[in-house]
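Below sits a lone chain in C-alpha cells, taken as the form predicted alone.
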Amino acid sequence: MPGKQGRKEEDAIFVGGKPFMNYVTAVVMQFSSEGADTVTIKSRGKFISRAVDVAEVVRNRFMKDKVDITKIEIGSEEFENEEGKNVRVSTMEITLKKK
C-alpha cells in the first residue's frame, strides 16, 4: 500500500457522464474499503453541478457526520477541440476528508 504522497491521484474521482450513483458509490468505497482519509472529486464543464451533488449526497446521506469538505478549488483549462479551435472549460475539485 503506497504512502500518503503516492495516493493523491488514486483517491480522486473524476465525474463525467456515468450514472450519478456510480460516483457516490465510488467516493464511499474510497473511504471505506480503500481506507482513504481524503477523496477529491474532480469535474469539468457541464459536470461541475453533478460533482457538487455527489459531494453533498456523500456528506449528508451516506457518510453523515463522518466527512467534511476541506477544500474547493476552481479554475479553467484551455485545449484544442476537434475543429482545431481553442476552447476554455471550467474545472472544480472538491476535497472531502474524514472527521
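What you are looking at is a predicted structure, and each value in this text was computed from that prediction instead of being measured. Residue numbers here begin at 1 and follow the sequence given.
Beyond the structure shown, there is the form predicted together with another copy of the chain, which is absent from this document and is the topic of what follows.
**Q** Although another copy of the chain is absent from this view, report whether residue 76 comes within 4.5 Å of it in the predicted complex, heavy atoms only.
**A** Heavy-atom contact with another copy of the chain at 4.5 Å: present for residue 76.
**Q** At the 4.5 Å heavy atom threshold, is residue 56 in contact with another copy of the chain in the predicted complex?
**A** Contact check for residue 56: yes, within 4.5 Å of another copy of the chain in the predicted complex.
**Q** So, in the predicted complex, is residue 28 in contact with another copy of the chain at a 4.5 angstroms heavy atom limit?
**A** Residue 28: no, not in contact with another copy of the chain in the predicted complex.
**Q** Counting only non-hydrogen atoms and a 4.5 angstroms cut-off, does residue 69 reach another copy of the chain in the predicted complex?
**A** Heavy-atom contact with another copy of the chain at 4.5 Å: present for residue 69.
**Q** Going through 18-39, which residues have a heavy atom within 4.5 Å of another copy of the chain in the predicted complex? Please give them in sequence order.
**A** Going through 18-39 in order - heavy atoms within 4.5 Å of another copy of the chain in the predicted complex - there are no hits.
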